[in-house]
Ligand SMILES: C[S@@+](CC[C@H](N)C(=O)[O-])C[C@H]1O[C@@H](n2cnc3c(N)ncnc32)[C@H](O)[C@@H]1O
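Heads up, the chain below is alone and in the form predicted alone; it's given as structure tokens.
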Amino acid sequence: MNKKKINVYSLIKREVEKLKKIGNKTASLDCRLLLSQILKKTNTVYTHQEVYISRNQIIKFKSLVKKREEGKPVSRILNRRNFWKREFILDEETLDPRPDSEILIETVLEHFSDSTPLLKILDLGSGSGCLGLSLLEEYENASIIFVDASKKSLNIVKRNSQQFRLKGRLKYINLDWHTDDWDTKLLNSADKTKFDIIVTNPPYIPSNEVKFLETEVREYDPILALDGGNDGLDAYRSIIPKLKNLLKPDGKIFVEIGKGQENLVSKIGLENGLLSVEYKKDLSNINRVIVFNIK
């Protein structure tokens, strides 16, 4: 296959302009990421760099940019996303991790500042596993159980866990929190041992607001990971009543929420034996995480 040497800037210039015309604010980075994928580079190419590329690879690169032009996120084109300290594999059944969700990791680390105890962690509705695996890397002696209703998602967690040295510290349970006895089934599968830390990022977008989300979210994130029912709180009503049964007396629960939901979710917690002890704001100064203790 004949390859020619070409400057990255001259290669991506026209494609960058196409993306800028539709309001893409990260056009250059997006093009460089897509070009790196085509060239099978582990690091993202820079505009001043020179690369060897074939005509077929240029055609493939332009086809990827076309997908981006149509609104498909780079993370969905590449099927991976950077989160916390690692890169995570995605598929069509896993939510694309957002930087705001890193606030949840930061909050756990503030409440459990010692990295050495034998902590037991539950990642409820684990998706790609980015929350639980990021925490497991921070707590050297912790173990974790990933729970998700999708077997396919749990397989993605397994694939993502392969980049960590975590053998024997992980367990995967296929469970749906909409069933009445999901907490009992979980405890039975977990040797009846309760948890020090529970993290969850359930769907919280009200059903009638899903259609107003950005194209990148609405068209490419799984609807089950977005739609929280009429008022956005259906998942919390299924999850929160069971959490007291799963938590150790001095344990803590870290729950991601949608904009303006802190009072309603805290109320659901209070009605079910949980006290909200802290709200944590995201990068846009919105309350994004609630920390619960047993009341």
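Quantities reported herein were computed from a predicted structural model and do not represent experimental measurements. Note that residue numbering follows the sequence shown and begins at 1.
We do not show the form predicted in complex with the named molecule, though everything after this point is about it.
With the named molecule omitted here, the record of contacts in the predicted bound form names 126-134 of 126-134, 209-217, 112-120, 71-79, defined by a heavy atom within 4.5 Å. The closest non-hydrogen atom of Lys152 lies beyond 4.5 Å of the named molecule in the predicted bound form.
A residue is said to contact a partner when one of its heavy atoms sits within 4.5 Å of a partner heavy atom; Asn201 meets this definition for the named molecule in the predicted bound form. Heavy atoms of Ile89 never reach within 4.5 Å of the named molecule in the predicted bound form, leaving it off the interface. When the named molecule is considered in the predicted bound form, Leu175 lines it closely, a heavy atom lying within 4.5 Å. With the partner omitted here, the residue from Ser101, Ser161, Ser143, Thr107 that has a non-hydrogen atom within 4.5 angstroms of the named molecule in the predicted bound form is Ser101. Contact with the named molecule in the predicted bound form, defined as a heavy atom within 4.5 Å, holds for exactly one of Ala225, Leu186, Ile156, Leu170, namely Ala225.
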